[in-house]
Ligand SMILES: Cc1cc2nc3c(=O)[nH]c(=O)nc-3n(C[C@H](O)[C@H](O)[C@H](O)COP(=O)(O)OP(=O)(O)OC[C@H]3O[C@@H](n4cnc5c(N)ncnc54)[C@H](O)[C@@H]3O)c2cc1C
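Before any questions on binding or motion, here is one chain by itself as structure tokens, the form predicted alone.
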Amino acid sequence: MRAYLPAYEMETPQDLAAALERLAAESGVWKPFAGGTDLMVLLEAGKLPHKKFLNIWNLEELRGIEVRTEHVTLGALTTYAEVQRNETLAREFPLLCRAAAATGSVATQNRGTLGGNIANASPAADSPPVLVVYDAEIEIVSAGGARWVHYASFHTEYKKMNLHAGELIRRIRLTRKHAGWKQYFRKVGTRRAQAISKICFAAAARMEAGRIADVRIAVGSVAPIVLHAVRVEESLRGQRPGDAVLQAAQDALSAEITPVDDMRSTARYRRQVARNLLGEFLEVLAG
């Protein structure tokens, strides 16, 4: 059943300050609307419960990719297509470009935004595992000021996050420290395009003399929020990739994830594929 459009209201603020003032003045009444790639699906299905939205698509303060000596900062309205076209991201943060290329269709990539993907808070989203691996930070703004939070601790439970009424995600910041790291990304879905992931696996490691000096691993679709696989990382640091190390890491991953049966897959399948992808990552490190 489609939604009844006259029941919805949308306003377009002239700038970020006006948007934040509106959100503060009527707390909980208005919600941001950017690319709309998730919200329009709910609207079409008649399942979009909220009725009042602020159109933030044209706010220049939320756009742009800024490259500095230590960081690359992306505005919350950066689209997946813009991510793929950026030379610095392609060279230094290839996992983000791979995740962007794996997200939806070309139309979705032209309209969908990183900030919207974060705020949608789906554990099956493609870019969040990459943001965890890159130890991203996000800037949150309101009429009262701004604050930075580590993305790995931003989502607290399913569809819940460290974002208060009246706040917006403004920027995502990535530290330029992964030069020379071996990096791996794999999305497993029903088909190669326009599929919600059954498993989304992102990882990166710094090797020294054949050993894993440092490592970051994150997995989507295996828990209520994107999982930062801390126990797996601990089992790998200081080790040489090999069969015994792989078995211990896979067992740690099996204990750390909590997959479920749903319409896209089964918990058993997700657990086995997650183990297999970890094996592929260690093959990359060994190679």
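None of the values given here were measured: they were computed from a predicted structure. So that there is no doubt, residue numbering starts at 1 and follows the sequence shown.
This protein has a second form, the form predicted in complex with the named molecule, left out of what is shown; the following refers to that one.
**Q** Would you check whether the named molecule, in the predicted bound form, lies within 4.5 angstroms of a non-hydrogen atom from each of 113, 119 and 195?
**A** Affirmative, all three are within 4.5 Å.
**Q** Heavy atoms within 4.5 Å of the named molecule in the predicted bound form: which stretch among 66 to 74, 230 to 238, 25 to 33, 250 to 258?
**A** Among the listed stretches, the partner-contacting one is 25 to 33.
**Q** Is there any non-hydrogen atom of residue 222 lying within 4.5 Å of the named molecule in the predicted bound form?
**A** No, residue 222 stays farther than 4.5 Å from the named molecule in the predicted bound form.
**Q** Would residue 39 show up as a contact with the named molecule in the predicted bound form if we use heavy atoms at 4.5 Å?
**A** So residue 39 counts as contacting the named molecule.
**Q** Spell out, yes or no, whether the shortest heavy atom distance between residue 189 and the named molecule in the predicted bound form is within 4.5 Å.
**A** It does not: once the named molecule is placed as it appears in the predicted bound form, residue 189 has no heavy atom within 4.5 Å of it.
**Q** Hey, in the predicted bound form, is residue 108 touching the named molecule, heavy atoms inside 4.5 Å?
**A** Residue 108: yes, in contact with the named molecule in the predicted bound form.
**Q** Pick from 102, 174, 212, 89: which has a non-hydrogen atom within 4.5 Å of the named molecule in the predicted bound form?
**A** It is 102.
**Q** Taking 4.5 Å between heavy atoms as the contact cutoff, choose which of 199, 96, 169, 204 touches the named molecule in the predicted bound form.
**A** Of 199, 96, 169, 204, the residue with a heavy atom within 4.5 Å of the named molecule in the predicted bound form is 169.
**Q** Counting only heavy atoms, which residues in 56 to 83 are within 4.5 Å of the named molecule in the predicted bound form?
**A** Read in sequence order, the residues that approach the named molecule (within 4.5 Å, in the predicted bound form) are 56, 62, 76, 80.
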